[in-house]
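Two forms of the same protein chain are encoded below as structure tokens; each is given separately, as structure 1 and structure 2.
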Structure 1
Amino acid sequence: MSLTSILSVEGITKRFGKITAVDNLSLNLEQGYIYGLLGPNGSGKTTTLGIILDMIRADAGRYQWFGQPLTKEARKKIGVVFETPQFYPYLTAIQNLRLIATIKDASPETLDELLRLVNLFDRRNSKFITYSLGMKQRLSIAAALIGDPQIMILDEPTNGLDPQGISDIRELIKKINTRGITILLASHLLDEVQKVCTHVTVLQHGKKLFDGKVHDVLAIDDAIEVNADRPDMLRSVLEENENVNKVLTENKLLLVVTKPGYPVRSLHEYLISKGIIVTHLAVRKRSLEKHFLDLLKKEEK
């Protein structure tokens, strides 16, 4: 275990009757990154979060926070934002936050600053029940930040929000991460994970299908479309290049998969040096989306 380990999860499993909601899942979160837990609805994201927060008892497996079992002191360093905000509807925003500060033994002096951060300072004296969903969700984030947490966990925080609300929340998450707070974001939206996260774990039927850096996932299979005046020669020339992993034919184009980090420019220069005149050259980013869908399809078979 590294010194900066925030959370380590080993082989957790949870069954609800016949359904295995989480199946032998392991995770490891290190400080400072933004982790995405990605999977379609019902894939076990919420159950996983429920287990690591000791709200749901797992049938098997272990987890440790900051290298230790979860104590109530450790909880004060974990900020949690759920899909549905959980506050006392008859209390005002500031009263709700003060209550949480009491629970976390945190000073109430930072509350105004947090309300400003989530852009609710002007509405701090309104009752929670009068808030829109977007405001409620931002209040949840403010609440999660009370007491300077080391990690913030968010479960589908943008569900049901309008586009402005969605983008506000995503910006906030990134901003919070720049304060050094590790983030774990559960989402069924690929695009969200792609835009926000540095790392991703893909879940399906409670099983981990894949995990890695979002950037790597994007880069693994980027293909370059190439065409040239002499297609017959093009193929053999490309295959001679040691930086080329694969050459596929697609209609009249060749699809080239290069080693990660090999610039398109270098490929172009290489072809010119071999006397080939390139008539078409384009990078085809295989989006995480396609990956995600592929992974799901593979699993389905």
Structure 2
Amino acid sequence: MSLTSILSVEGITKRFGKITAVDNLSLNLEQGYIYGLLGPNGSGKTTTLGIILDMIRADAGRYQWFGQPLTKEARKKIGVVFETPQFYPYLTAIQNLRLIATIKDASPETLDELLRLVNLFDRRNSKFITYSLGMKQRLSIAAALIGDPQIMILDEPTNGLDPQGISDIRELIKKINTRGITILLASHLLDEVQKVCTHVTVLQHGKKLFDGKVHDVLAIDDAIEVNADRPDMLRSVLEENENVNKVLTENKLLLVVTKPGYPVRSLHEYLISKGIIVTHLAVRKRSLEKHFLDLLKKEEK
């Protein structure tokens, strides 16, 4: 475990009868990053969160927060936002936050700042029942930030929101992360994880299919789109290049998969040296969605 480890999970397993909800799962979250726990409904995301928050007892494995088992003091360093916001409907936003600050034994002095952070300061004296779903979710995030946690856990934070609400939550998560707060975001939305997270763990049937940096996922099997003035020669010339792994055809373009570390510039220079004038050259990144769906297909086989 590194000195900056926030959460270490080793081989946790949870069964409900014949169903294995979490299957020998291991994770490590380090300080300062935004982690995505990605998987379709029923993949084990919520059960995993329940286990690490000590709400569900695992059948096997162990986890540690900040290098030790979950303690009362460690709980104070963890902010949690569940899918459905829960507040007293006829209390105002500031009244609800003051109540939560009292329960957490935290100072109420930061509440106005938190309301400004989540863009609710102008509505701080409005009753919770008058809030839109997006406003309710932002108030949940403000409540989770009371007490200055080191990590925030968000379970499907954009469910049911309109595009503007989703964008607001996405930008808010990024803003919170700039304060040095680690984020663990559970979601079934590929786009959400791709646009927000630095790291991703893909789950299916409780099993970890992939674990790594989002940037690394997107770098897998990059393809270079190529067209030229002599398309009849282009494929054969490309296939002669020892740095080219494969050449595929898509409509009128060739998709070239090169060996790792072989730059696009070098491919261009190679084609010029062979007397071919390139009319189209572009890198096509493999999307997280494509990689995610490929992983799920492999798991189903």
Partner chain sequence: MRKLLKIEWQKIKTYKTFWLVISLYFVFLLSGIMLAELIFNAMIDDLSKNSPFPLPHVSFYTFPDIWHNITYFASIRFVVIFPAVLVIILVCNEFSFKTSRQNILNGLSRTDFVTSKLILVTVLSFFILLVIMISSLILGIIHTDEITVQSFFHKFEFLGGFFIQMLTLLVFSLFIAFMIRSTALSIAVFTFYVIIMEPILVMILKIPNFQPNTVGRYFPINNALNIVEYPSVTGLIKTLGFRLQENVVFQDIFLSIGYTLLFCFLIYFSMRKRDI
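These figures come from a predicted structure and were not determined experimentally. Rigid core here is just the name for the largest C-alpha set that superposes within 1.5 Å across the two forms. Structure 1's sequence is the ruler for residue numbers, which start at 1.
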Form selected (criterion: the form predicted alone) | 2
Please say whether, between the two structures, the C-alpha of residue 70 moves by 2 Å or more once the core is aligned.
-> no
Relative to the superposed rigid core, does the CA atom of residue 89 travel 2 Å or more between the two structures?
-> yes
Fitting the rigid core first, would the Cα of residue 13 be found 2 Å or more away between the two structures?
-> no
Value in Å for the CA shift of residue 248 between the two structures, taken after the core is superposed = 4.7
Once both forms sit on the same core, give the Cα displacement of residue 262 between the two structures in angstrom.
-> 3.8
